[in-house]
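The chain below stands alone and is given as structure tokens, in the form predicted alone.
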């Protein structure tokens, strides 16, 4: 298929249509409202359903009900809206329901502002709601990767019967880039959806729930979830290395759009004789723990630096994975301010002691 120039939000919407995810429930919130605008026109063309709910709380419960049918369902929102869905997301995780949730992040806390941020990292990768559950979390750094990871998100949701979240900051939702969609999409082999509700029709009724009043039954469900997350950790780690070699003095860590800014900084530092590599996590859960530790241990690496559009939320995971083997610095901006290339270069030079 020929490439198209598309806004990130619209490309995400079309990617969902490509995989047959034509049941969409949402409430408009900037900076992702174009997803709903696009699907309001697109879904009737493919026999889909878009319901604009009265609130994000209602969206979460609509997702739960629709997912029980075994159909592919999804929503998109932005930071405060995702917060309002947290109870339902916990329910869906506890009920083993495949759902895709896209968070085009804005600044916070509180109502914050509509400019880009990465300050929902904790919310996404640590669960966000109540109880012992996790989400598979994916973080694209381009509009094309947003398309590819949207497709992957639905595959992983069905494979593991689990909610999957894709997070991107407001830039990736609003920017335009050329993208390509699969000419003819076909899923890889996936487990049958014999758990789905479709009417008894000659078999015993099935119940999908997250309520277990018997503590033994609830513990059993929590153990099942933990075993699932263990399998996910073993099989679904994704990351990218950029200009990582044995000449690097410093290893940068960044994800999403911030990683692209870091790549430009690395290219420019290279012309100044300063060798820096980038480790970009693509799956934020499961986090590439072993891979981070492997790169940190290399003898040529003197220091580590995490760059984020937050007050340093991924820092905690890098600290945990690096186990104190190398000094770790942090540079970030928040409130919707995006660190520019010169700022990143300055932070690298300061970390290496090249400037005060």
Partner chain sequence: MAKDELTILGRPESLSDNITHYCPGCTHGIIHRLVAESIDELGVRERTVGVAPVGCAVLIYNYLNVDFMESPHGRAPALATGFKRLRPDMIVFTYQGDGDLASIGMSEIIHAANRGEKFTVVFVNNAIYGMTGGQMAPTTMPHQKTTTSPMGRDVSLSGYPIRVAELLSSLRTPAYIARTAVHTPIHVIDAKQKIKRAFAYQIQGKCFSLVEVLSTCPTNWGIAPDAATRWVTDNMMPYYPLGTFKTPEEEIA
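Numbering follows the first chain given and starts at 1. All of these numbers come straight from a predicted model, not from anything done at the bench.
Keep in mind that the form predicted together with the partner chain is missing from the display, and what follows is about it.
Put simply, of 183, 217, 211, 223 only one has a heavy atom within 4.5 Å of the partner chain in the model of the complex, and it is 211. Of the listed positions (189, 273, 192, 205), a single one reaches within 4.5 angstroms of the partner chain by any non-hydrogen atom in the model of the complex, namely 205. In the model of the complex, residue 61 approaches the partner chain with a heavy atom inside 4.5 Å. Put simply, residue 45 is far from the partner chain in the model of the complex: not one heavy atom of it is within 4.5 Å.
By the criterion of a heavy atom within 4.5 Å, residue 69 is counted among the residues contacting the partner chain in the model of the complex. At a distance threshold of 4.5 angstroms between non-hydrogen atoms, residue 28 is out of contact with the partner chain in the model of the complex. Screening 154 to 162, 87 to 95, 100 to 108, 173 to 181 for residues having heavy atoms within 4.5 Å of the partner chain in the model of the complex returns a single hit, 87 to 95.
The putative spot formed by 296, 315 and 324 is not touched by the partner chain in the model of the complex; no residue has a non-hydrogen atom within 4.5 angstroms of it.
Of all the residues from 184 to 202, those having a non-hydrogen atom no more than 4.5 Å from the partner chain in the model of the complex are 197, 198, 199, 200, 201, 202.
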